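Before any questions on binding or motion, here is one chain by itself as structure tokens, the form predicted alone.
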Amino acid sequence: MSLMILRAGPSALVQDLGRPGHASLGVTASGAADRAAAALALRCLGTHPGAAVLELLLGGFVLMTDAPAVVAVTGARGLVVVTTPSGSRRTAATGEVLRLDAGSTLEIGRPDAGVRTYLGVRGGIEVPRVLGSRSRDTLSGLGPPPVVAGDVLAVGDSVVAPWADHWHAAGGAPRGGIGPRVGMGSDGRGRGPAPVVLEVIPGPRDDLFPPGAWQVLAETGHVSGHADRVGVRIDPARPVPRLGGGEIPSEGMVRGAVQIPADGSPVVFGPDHPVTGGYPVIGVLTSRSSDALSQLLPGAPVSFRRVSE
């Protein structure tokens, strides 16, 4: 069985759990940006958790199957359309397991909440592994190239359980697609979107910051236009202070690390982050918050909250 890509949208990448353990070679882990959404797609399909899915940025994606297939769409919420070979058209939504007849097309539109949609197929996307992973690393260029219209993707046989037939969001709302919520004032009137609170575990260099740094991080900032799989720059309410303005020796980084450059604007490292940096890291986002940040558009309000674990 295979999937023919008719339209790929702004970005369609093959991703799995990534390739951890190669930092000594200068290779970061990469992997799905919203790990929970990707894992959910595989779980409800009864497919091995290490299999690959497609990570779609801002929808605009269409494929055709050459054989019956079972797929699941998770992550950012938006319209999904299935068209059968006879022309019958059915609309669905993010968070459903869908059975496709041979010759059917599946269209995933632009999300109305979140930015990254995950398309899983029962059996997994089958592409050659590089250093043990099928993930595309956008910084180093490792892994399969971005999917484009005309590509034909093979479907594997990494099946471990029955699929969750008839499962949809009402039976278990998918994570991901997390966006700002509209806050309400004491007078009952809307106050605009409430910030997404990102939980941060302090360290390893929080001793290089004054206590006031955490107060600034707790104020509402916004996701800047510099946001991709490598990292997300936050425009803070005011610059985050540091005890010193210079650089420190380069250190290894992990996904979710909150680095504070000299200008005081936090940079949160994404799945394709560089392996070293010369600015202190005040803390690291929890996995849940790192996934949530990957679903936010530029301009989304955010704040940071210090947690113990």
Partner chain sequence: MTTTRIRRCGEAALLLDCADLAEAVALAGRVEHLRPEAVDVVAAARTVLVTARDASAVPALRRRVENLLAQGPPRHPAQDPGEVAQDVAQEVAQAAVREVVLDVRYDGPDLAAVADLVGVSTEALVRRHTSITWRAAFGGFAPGFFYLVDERELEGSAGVRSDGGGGAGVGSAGGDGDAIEGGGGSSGGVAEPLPSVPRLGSPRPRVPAGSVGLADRFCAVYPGASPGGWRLVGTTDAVLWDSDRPDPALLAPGDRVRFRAAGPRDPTR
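All values derive from a computational prediction rather than experimental measurement. Numbering follows the first chain given and starts at 1.
Note that the form predicted in complex with the partner chain isn't included here; everything after this is about it.
- Exactly one listed residue, out of V27, L58, V62, A39, brings a non-hydrogen atom to within 4.5 Å of the partner chain in the predicted bound form: V27.
- A single residue from the set A154, L131, V160, V197 has any heavy atom within 4.5 angstroms of the partner chain in the predicted bound form; that residue is L131.
- Shown here without its partner, the chain carries S140, P249 and V254, all of which come within 4.5 Å of the partner chain in the predicted bound form through at least one heavy atom.
- When contacts are judged by a 4.5 Å heavy atom cut-off, A23 counts as touching the partner chain in the predicted bound form.
- The shortest heavy atom separation between A113 and the partner chain in the predicted bound form exceeds 4.5 Å.
- Proximity of V240 to the partner chain in the predicted bound form: non-hydrogen atoms within 4.5 Å are absent; the residue sits far from the partner.
- Not displayed here, the partner chain is approached by G203 to within 4.5 Å at the level of heavy atoms in the predicted bound form.
- In summary, the region of this chain contacting the partner chain in the predicted bound form, judged by heavy atoms within 4.5 Å and restricted to 264-272, 280-288, 43-51, 65-73, corresponds to 280-288.
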